[in-house]
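What follows is one chain in C-alpha coordinates, specifically the form predicted on its own.
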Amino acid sequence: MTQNEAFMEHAPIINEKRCTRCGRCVEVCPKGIVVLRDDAVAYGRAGCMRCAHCYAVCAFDAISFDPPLVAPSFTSFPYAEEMVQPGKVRPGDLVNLLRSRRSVRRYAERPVPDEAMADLVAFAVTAPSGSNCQRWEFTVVNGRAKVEALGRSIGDFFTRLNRLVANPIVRALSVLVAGMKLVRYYRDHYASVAWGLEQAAAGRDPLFHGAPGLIIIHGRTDGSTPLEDAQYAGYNICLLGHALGLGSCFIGYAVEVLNRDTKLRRSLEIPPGNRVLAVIALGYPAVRFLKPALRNDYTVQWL
(Lines give C-alpha, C1' and ligand atoms only; values in the text may rest on other atoms or scores of the structure.)
Protein backbone atom coordinates (compact mmCIF):
# COMPACT_ATOMS: atom_id res chain seq x y z
CA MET A 1 0.00 0.00 0.00
CA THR A 2 1.41 3.37 -1.03
CA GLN A 3 1.49 6.31 1.38
CA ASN A 4 -1.31 8.01 -0.53
CA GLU A 5 -3.42 4.84 -0.44
CA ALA A 6 -2.84 4.62 3.32
CA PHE A 7 -3.94 8.22 3.72
CA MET A 8 -7.09 7.57 1.69
CA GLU A 9 -8.13 4.37 3.50
CA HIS A 10 -11.51 5.12 5.13
CA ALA A 11 -10.92 8.82 4.46
CA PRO A 12 -13.64 11.06 2.98
CA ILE A 13 -13.99 10.96 -0.79
CA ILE A 14 -13.85 14.44 -2.30
CA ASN A 15 -15.94 15.04 -5.41
CA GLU A 16 -13.67 17.46 -7.27
CA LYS A 17 -16.46 18.62 -9.58
CA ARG A 18 -18.59 19.74 -6.66
CA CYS A 19 -15.82 20.91 -4.34
CA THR A 20 -15.36 24.70 -4.29
CA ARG A 21 -12.13 24.61 -2.21
CA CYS A 22 -13.84 26.70 0.45
CA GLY A 23 -11.75 24.99 3.16
CA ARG A 24 -14.55 24.42 5.66
CA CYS A 25 -13.83 20.69 5.80
CA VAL A 26 -10.17 21.44 6.47
CA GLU A 27 -10.99 23.77 9.34
CA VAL A 28 -13.29 21.29 11.07
CA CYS A 29 -11.29 18.06 10.61
CA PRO A 30 -10.06 17.02 14.09
CA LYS A 31 -7.28 14.79 12.76
CA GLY A 32 -5.81 16.86 9.95
CA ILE A 33 -6.87 14.24 7.41
CA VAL A 34 -8.04 16.75 4.80
CA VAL A 35 -5.84 19.74 3.95
CA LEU A 36 -5.71 22.49 1.35
CA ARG A 37 -2.69 22.05 -0.88
CA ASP A 38 -2.10 24.07 -4.06
CA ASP A 39 -5.70 25.31 -3.89
CA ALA A 40 -7.03 21.76 -3.84
CA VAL A 41 -8.35 19.56 -1.04
CA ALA A 42 -5.88 16.74 -0.38
CA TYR A 43 -5.06 14.15 2.25
CA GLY A 44 -2.63 15.33 4.91
CA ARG A 45 -2.24 12.14 6.93
CA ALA A 46 -3.77 8.77 7.68
CA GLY A 47 -6.07 7.91 10.59
CA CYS A 48 -9.53 9.16 9.61
CA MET A 49 -12.03 8.27 12.35
CA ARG A 50 -15.02 8.84 10.03
CA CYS A 51 -16.61 11.41 12.33
CA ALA A 52 -18.22 13.04 9.27
CA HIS A 53 -17.57 16.58 10.49
CA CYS A 54 -16.34 17.39 6.99
CA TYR A 55 -19.56 16.05 5.48
CA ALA A 56 -21.66 18.02 7.97
CA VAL A 57 -20.13 21.40 7.08
CA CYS A 58 -20.04 20.92 3.31
CA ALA A 59 -22.75 22.99 1.64
CA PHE A 60 -22.13 21.44 -1.80
CA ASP A 61 -22.54 17.69 -1.12
CA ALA A 62 -18.97 17.15 -2.24
CA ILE A 63 -18.04 14.58 0.43
CA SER A 64 -18.91 10.91 0.74
CA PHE A 65 -17.41 7.80 2.36
CA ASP A 66 -16.51 4.27 1.31
CA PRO A 67 -17.66 2.11 3.02
CA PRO A 68 -20.64 4.46 3.14
CA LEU A 69 -21.87 6.11 6.30
CA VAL A 70 -25.64 5.99 6.74
CA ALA A 71 -28.28 8.14 8.41
CA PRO A 72 -30.77 6.50 10.78
CA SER A 73 -34.18 5.45 9.54
CA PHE A 74 -37.24 4.74 11.67
CA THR A 75 -40.44 2.77 11.11
CA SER A 76 -42.49 3.27 14.28
CA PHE A 77 -42.84 7.04 13.88
CA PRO A 78 -42.54 9.64 11.08
CA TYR A 79 -39.15 11.31 10.81
CA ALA A 80 -37.78 14.05 8.57
CA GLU A 81 -34.11 14.93 9.01
CA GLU A 82 -33.53 18.51 10.09
CA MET A 83 -30.43 20.18 11.52
CA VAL A 84 -31.35 22.10 14.67
CA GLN A 85 -28.70 24.74 15.18
CA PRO A 86 -27.38 25.79 18.61
CA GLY A 87 -29.74 28.19 20.32
CA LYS A 88 -32.74 27.12 18.21
CA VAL A 89 -34.37 24.98 20.90
CA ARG A 90 -35.93 26.73 23.86
CA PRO A 91 -33.74 25.78 26.85
CA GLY A 92 -36.77 25.44 29.10
CA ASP A 93 -38.36 22.89 26.74
CA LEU A 94 -35.21 20.77 26.79
CA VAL A 95 -34.92 20.96 30.57
CA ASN A 96 -38.55 19.95 31.03
CA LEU A 97 -38.15 17.00 28.65
CA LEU A 98 -35.10 15.70 30.49
CA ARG A 99 -36.56 16.28 33.95
CA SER A 100 -39.81 14.54 32.96
CA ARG A 101 -38.10 11.30 31.99
CA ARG A 102 -38.06 9.06 35.07
CA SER A 103 -36.76 5.57 35.85
CA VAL A 104 -39.89 3.42 35.66
CA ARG A 105 -40.26 0.41 37.95
CA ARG A 106 -43.89 -0.49 37.21
CA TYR A 107 -44.86 -1.63 33.73
CA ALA A 108 -48.19 -2.42 32.10
CA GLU A 109 -48.87 -5.87 30.65
CA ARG A 110 -48.55 -4.53 27.14
CA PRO A 111 -45.87 -5.69 24.68
CA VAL A 112 -43.53 -3.26 22.97
CA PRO A 113 -43.63 -3.65 19.16
CA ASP A 114 -40.43 -4.95 17.58
CA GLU A 115 -40.46 -1.89 15.31
CA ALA A 116 -40.22 0.43 18.32
CA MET A 117 -37.37 -1.59 19.85
CA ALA A 118 -35.53 -1.49 16.52
CA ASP A 119 -35.98 2.29 16.33
CA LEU A 120 -34.58 2.69 19.84
CA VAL A 121 -31.40 0.91 18.76
CA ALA A 122 -31.25 2.92 15.53
CA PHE A 123 -31.34 6.11 17.59
CA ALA A 124 -28.89 4.76 20.17
CA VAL A 125 -26.09 4.59 17.61
CA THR A 126 -26.45 8.28 16.78
CA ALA A 127 -24.91 9.03 20.18
CA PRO A 128 -21.34 10.38 20.41
CA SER A 129 -18.50 7.99 21.21
CA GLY A 130 -14.89 8.53 22.20
CA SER A 131 -12.72 8.97 19.08
CA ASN A 132 -15.87 7.95 17.18
CA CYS A 133 -15.07 4.30 17.97
CA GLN A 134 -18.74 3.16 17.95
CA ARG A 135 -17.73 -0.20 19.47
CA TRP A 136 -21.16 -0.79 20.93
CA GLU A 137 -23.26 -3.84 20.10
CA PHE A 138 -26.87 -4.51 21.09
CA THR A 139 -28.92 -7.51 22.13
CA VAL A 140 -32.69 -7.05 22.19
CA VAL A 141 -34.75 -9.31 24.46
CA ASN A 142 -38.36 -8.57 23.58
CA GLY A 143 -41.24 -10.51 25.11
CA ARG A 144 -42.27 -10.85 28.72
CA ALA A 145 -41.64 -14.60 28.84
CA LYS A 146 -38.06 -14.11 27.64
CA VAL A 147 -37.45 -11.36 30.21
CA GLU A 148 -38.89 -13.54 32.97
CA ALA A 149 -36.63 -16.44 31.99
CA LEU A 150 -33.57 -14.19 32.11
CA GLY A 151 -34.70 -12.84 35.48
CA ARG A 152 -34.96 -16.38 36.87
CA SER A 153 -31.45 -17.20 35.67
CA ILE A 154 -30.08 -14.05 37.30
CA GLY A 155 -32.01 -14.92 40.46
CA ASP A 156 -30.38 -18.37 40.48
CA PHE A 157 -26.97 -16.70 40.29
CA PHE A 158 -27.74 -14.48 43.29
CA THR A 159 -29.18 -17.41 45.25
CA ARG A 160 -25.89 -19.26 44.88
CA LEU A 161 -23.87 -16.15 45.66
CA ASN A 162 -25.85 -15.25 48.78
CA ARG A 163 -25.65 -18.80 50.05
CA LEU A 164 -21.89 -18.66 49.61
CA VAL A 165 -21.22 -15.30 51.25
CA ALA A 166 -23.55 -16.02 54.18
CA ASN A 167 -20.80 -18.29 55.51
CA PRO A 168 -18.37 -16.15 57.56
CA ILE A 169 -15.57 -18.69 57.08
CA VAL A 170 -15.93 -18.39 53.28
CA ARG A 171 -15.83 -14.61 53.54
CA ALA A 172 -12.70 -14.69 55.65
CA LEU A 173 -10.89 -17.15 53.39
CA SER A 174 -11.94 -15.29 50.25
CA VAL A 175 -9.84 -12.31 51.30
CA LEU A 176 -6.73 -14.38 50.56
CA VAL A 177 -7.71 -15.08 46.94
CA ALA A 178 -10.22 -12.39 45.96
CA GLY A 179 -9.37 -9.50 48.20
CA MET A 180 -12.31 -7.73 49.83
CA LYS A 181 -14.85 -8.36 47.04
CA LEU A 182 -17.05 -10.86 48.89
CA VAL A 183 -16.72 -8.96 52.15
CA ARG A 184 -17.88 -5.76 50.49
CA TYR A 185 -20.70 -7.59 48.70
CA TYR A 186 -21.92 -8.99 52.01
CA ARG A 187 -21.76 -5.56 53.63
CA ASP A 188 -23.34 -3.55 50.79
CA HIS A 189 -25.64 -5.88 48.84
CA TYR A 190 -26.39 -9.13 50.67
CA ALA A 191 -29.45 -7.86 52.53
CA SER A 192 -31.02 -6.08 49.54
CA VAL A 193 -30.42 -9.09 47.29
CA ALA A 194 -31.94 -11.40 49.92
CA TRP A 195 -35.02 -9.16 49.99
CA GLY A 196 -35.19 -9.25 46.19
CA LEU A 197 -35.01 -13.04 46.18
CA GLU A 198 -37.88 -13.16 48.69
CA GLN A 199 -39.91 -10.88 46.41
CA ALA A 200 -39.17 -13.10 43.41
CA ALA A 201 -40.21 -16.20 45.35
CA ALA A 202 -43.54 -14.47 46.06
CA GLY A 203 -44.12 -14.00 42.31
CA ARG A 204 -42.94 -10.41 41.95
CA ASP A 205 -40.23 -9.07 39.67
CA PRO A 206 -37.84 -6.92 41.71
CA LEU A 207 -35.16 -7.02 39.00
CA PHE A 208 -36.92 -6.01 35.78
CA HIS A 209 -40.10 -4.64 37.41
CA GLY A 210 -42.45 -6.41 35.01
CA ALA A 211 -40.85 -4.92 31.89
CA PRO A 212 -41.73 -6.73 28.65
CA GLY A 213 -38.46 -5.83 26.90
CA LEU A 214 -34.76 -5.29 27.45
CA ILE A 215 -31.92 -3.81 25.44
CA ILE A 216 -28.44 -4.99 26.43
CA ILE A 217 -25.50 -2.84 25.34
CA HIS A 218 -22.16 -4.61 25.17
CA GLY A 219 -18.88 -4.36 23.31
CA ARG A 220 -15.13 -4.64 23.38
CA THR A 221 -13.36 -2.45 25.90
CA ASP A 222 -10.37 -1.50 23.76
CA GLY A 223 -12.02 1.66 22.52
CA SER A 224 -11.39 5.15 23.81
CA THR A 225 -14.24 5.42 26.35
CA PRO A 226 -16.41 2.26 26.06
CA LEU A 227 -18.38 2.67 29.29
CA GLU A 228 -19.18 6.33 28.63
CA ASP A 229 -20.15 5.50 25.05
CA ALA A 230 -22.64 2.90 26.25
CA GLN A 231 -24.20 5.35 28.70
CA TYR A 232 -24.64 7.94 25.95
CA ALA A 233 -26.26 5.33 23.70
CA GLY A 234 -28.38 4.04 26.56
CA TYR A 235 -29.69 7.45 27.45
CA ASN A 236 -30.59 8.05 23.82
CA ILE A 237 -32.73 4.93 24.17
CA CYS A 238 -34.35 6.27 27.33
CA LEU A 239 -35.13 9.68 25.84
CA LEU A 240 -36.60 8.38 22.60
CA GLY A 241 -38.48 5.79 24.63
CA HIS A 242 -40.02 8.61 26.66
CA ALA A 243 -41.12 10.33 23.44
CA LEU A 244 -42.68 7.06 22.25
CA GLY A 245 -44.64 6.67 25.48
CA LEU A 246 -42.28 4.08 26.96
CA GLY A 247 -40.70 3.93 30.38
CA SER A 248 -37.14 2.77 30.97
CA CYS A 249 -34.75 1.83 33.74
CA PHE A 250 -31.06 0.94 33.84
CA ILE A 251 -30.62 -2.41 35.64
CA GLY A 252 -27.20 -2.49 37.27
CA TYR A 253 -27.58 -5.87 38.98
CA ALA A 254 -28.17 -7.51 35.59
CA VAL A 255 -24.96 -5.96 34.23
CA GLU A 256 -22.94 -7.40 37.10
CA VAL A 257 -24.32 -10.91 36.72
CA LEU A 258 -23.96 -11.05 32.94
CA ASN A 259 -20.29 -10.06 33.26
CA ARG A 260 -19.69 -12.88 35.74
CA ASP A 261 -21.80 -15.72 34.35
CA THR A 262 -20.20 -16.96 31.14
CA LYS A 263 -22.91 -19.54 30.49
CA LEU A 264 -25.68 -16.97 30.78
CA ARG A 265 -23.84 -14.52 28.55
CA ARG A 266 -23.36 -17.28 25.99
CA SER A 267 -27.09 -18.08 26.05
CA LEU A 268 -27.69 -14.46 25.00
CA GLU A 269 -25.17 -14.88 22.16
CA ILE A 270 -22.97 -12.10 23.52
CA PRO A 271 -19.48 -12.55 22.00
CA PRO A 272 -16.85 -13.86 24.46
CA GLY A 273 -14.65 -10.77 24.09
CA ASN A 274 -17.47 -8.34 24.85
CA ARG A 275 -18.26 -6.79 28.20
CA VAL A 276 -21.84 -5.94 29.12
CA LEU A 277 -21.99 -2.18 29.69
CA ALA A 278 -25.70 -1.47 30.24
CA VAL A 279 -29.00 -3.31 30.55
CA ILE A 280 -32.13 -1.21 30.02
CA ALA A 281 -35.64 -2.36 30.89
CA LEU A 282 -38.37 -0.99 28.62
CA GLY A 283 -42.14 -1.03 28.55
CA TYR A 284 -45.29 1.05 28.82
CA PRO A 285 -45.47 2.62 32.28
CA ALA A 286 -48.10 1.53 34.79
CA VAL A 287 -47.49 4.72 36.74
CA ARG A 288 -47.98 8.38 35.78
CA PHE A 289 -45.62 10.93 37.24
CA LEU A 290 -47.19 14.35 37.81
CA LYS A 291 -44.13 16.43 38.73
CA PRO A 292 -40.55 16.66 37.48
CA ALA A 293 -37.72 15.09 39.45
CA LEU A 294 -36.13 16.73 42.49
CA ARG A 295 -32.45 16.31 43.39
CA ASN A 296 -30.20 16.75 46.39
CA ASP A 297 -28.61 20.13 46.78
CA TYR A 298 -25.08 20.20 45.39
CA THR A 299 -21.73 21.89 45.86
CA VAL A 300 -19.73 23.53 43.11
CA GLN A 301 -16.28 25.07 43.20
CA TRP A 302 -15.43 27.96 40.89
CA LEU A 303 -11.76 28.45 40.13
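A quick note: this is a predicted structure, and the numbers were derived from the prediction, not measured. Throughout, we count residues from 1 along the sequence that is shown.
The same protein also has a form predicted in complex with a small molecule, omitted here; what follows describes it.
- None of 101-109, 139-147, 77-85, 189-197 except one has non-hydrogen atoms within 4.5 angstroms of the small molecule in the predicted bound form; the exception is 101-109.
- Of the residues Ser153, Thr225, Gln231, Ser174, just one reaches the small molecule in the predicted bound form with a heavy atom at 4.5 Å or closer; this is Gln231.
- Think of it this way: in the predicted bound form, the small molecule has a heavy atom of just one of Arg295, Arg288, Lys291, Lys17 within 4.5 Å, and the residue is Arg295.
- Taking the partner from elsewhere, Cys249 is found to have a heavy atom lying within 4.5 Å of the small molecule in the predicted bound form.
- Although the partner is absent from this view, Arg135 stays clear of the small molecule in the predicted bound form, with no non-hydrogen atom inside 4.5 angstroms.
- Taking the partner from the other structure, the small molecule in the predicted bound form has no heavy atom within 4.5 Å of any heavy atom of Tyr43.
- Using a 4.5 angstroms threshold between heavy atoms, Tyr253 counts as touching the small molecule in the predicted bound form.
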